[in-house]
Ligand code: NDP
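Next up is one chain by itself, shown in structure tokens, the form predicted on its own.
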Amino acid sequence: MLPDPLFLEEIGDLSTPRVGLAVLGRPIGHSISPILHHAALSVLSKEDASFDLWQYDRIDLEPSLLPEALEKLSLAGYIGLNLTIPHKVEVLKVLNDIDPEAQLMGAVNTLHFGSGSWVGHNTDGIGLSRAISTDLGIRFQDECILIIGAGGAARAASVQCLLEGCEFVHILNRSKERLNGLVEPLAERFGRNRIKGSSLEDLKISDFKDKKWLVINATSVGLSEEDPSSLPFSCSLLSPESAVYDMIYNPTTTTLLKDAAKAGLDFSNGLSMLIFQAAKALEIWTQKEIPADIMFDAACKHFQ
């Protein structure tokens, strides 16, 4: 069983030599990250007993408290943080050191504290790439990809797809302002012939009807089982060769994925992405090779 998430005021100093890791977000109750990381740390501890003293927490944090949280957690003995909705973009305002790939993605999902400051990384892109290759047998190269959302996860996904040589990326988002804020810099960097954006108001269904697309949901729509599909049209309009990947993993089957199944499309939820990005983050913090299969087994046992 997962313990309840912590709030910032509940965080106390860790007694040396304990080491703290955590995931910060709101909502955060759905996150199974502690299960994954503790499973991997238990394997690492068989070769180095010091990893028995590493802990991983879930912290429910509102965005306005992020700067305070980073200072408090570093002083308390936390050296690694994962960020989820809504902190991946907001954290850029408070970081002085961001690795080049995360800078290009315009979002950070992993922080490492060393030499007196937090360094921002992004493991979402490589996590997504490995997940879709593993689950759906699809590589981004030469694919036409529809990404739903324009937040931090969508930014990472878009950059990763373009870096790996996809043919075209179409971003779909409710807000035009946020949409343009993502599409414009990527169009400048990768070429306007490779990326386009649409809001719900100017979406043209004809761009997708009977055509092969890899659809990726990078929004929080679907976290509640009562949520509608994040895609504003039925998956049945797409070519039968299309596939759907939803970054949400809890619940395991969102309305979008139910629609994909009904349409006979290949589909997968975001559990594999969570695992691959988590393994990469733990590699950054520990400087050790991380057994992703151990994380996957722990996740499957949790959802049984």
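Remember, it's a predicted structure, so these values are computed and weren't measured experimentally. One rule holds for the numbers: they count along the sequence shown, beginning at 1.
Quick note: we don't show the form predicted in complex with this ligand, though the next part is all about it.
Heavy atoms within 4.5 Å of this ligand in the model of the complex belong, among the stretches 187 to 195, 205 to 213, 142 to 150, 113 to 121, to residues of 142 to 150. Remark: all three candidate residues (Arg178, Tyr249 and Met273) come within 4.5 Å of this ligand in the model of the complex, counting heavy atoms only. In the model of the complex, this ligand stays beyond 4.5 Å of every heavy atom belonging to Lys72. Contact check for Thr254: no non-hydrogen atom falls within 4.5 Å of this ligand in the model of the complex. Residue contact check for Leu223: one or more of its heavy atoms lie within 4.5 Å of this ligand in the model of the complex. When this ligand is considered in the model of the complex, Arg130 lies well away from it, no heavy atom lying within 4.5 Å. Among Ala218, Val159, Val108, Leu81, the residue placing a heavy atom within 4.5 Å of this ligand in the model of the complex is Ala218. Shown without its partner, this chain lists Val91, Ala154, Val169, Ala102 as candidates; in the model of the complex, only Ala154 has a non-hydrogen atom within 4.5 angstroms of this ligand.
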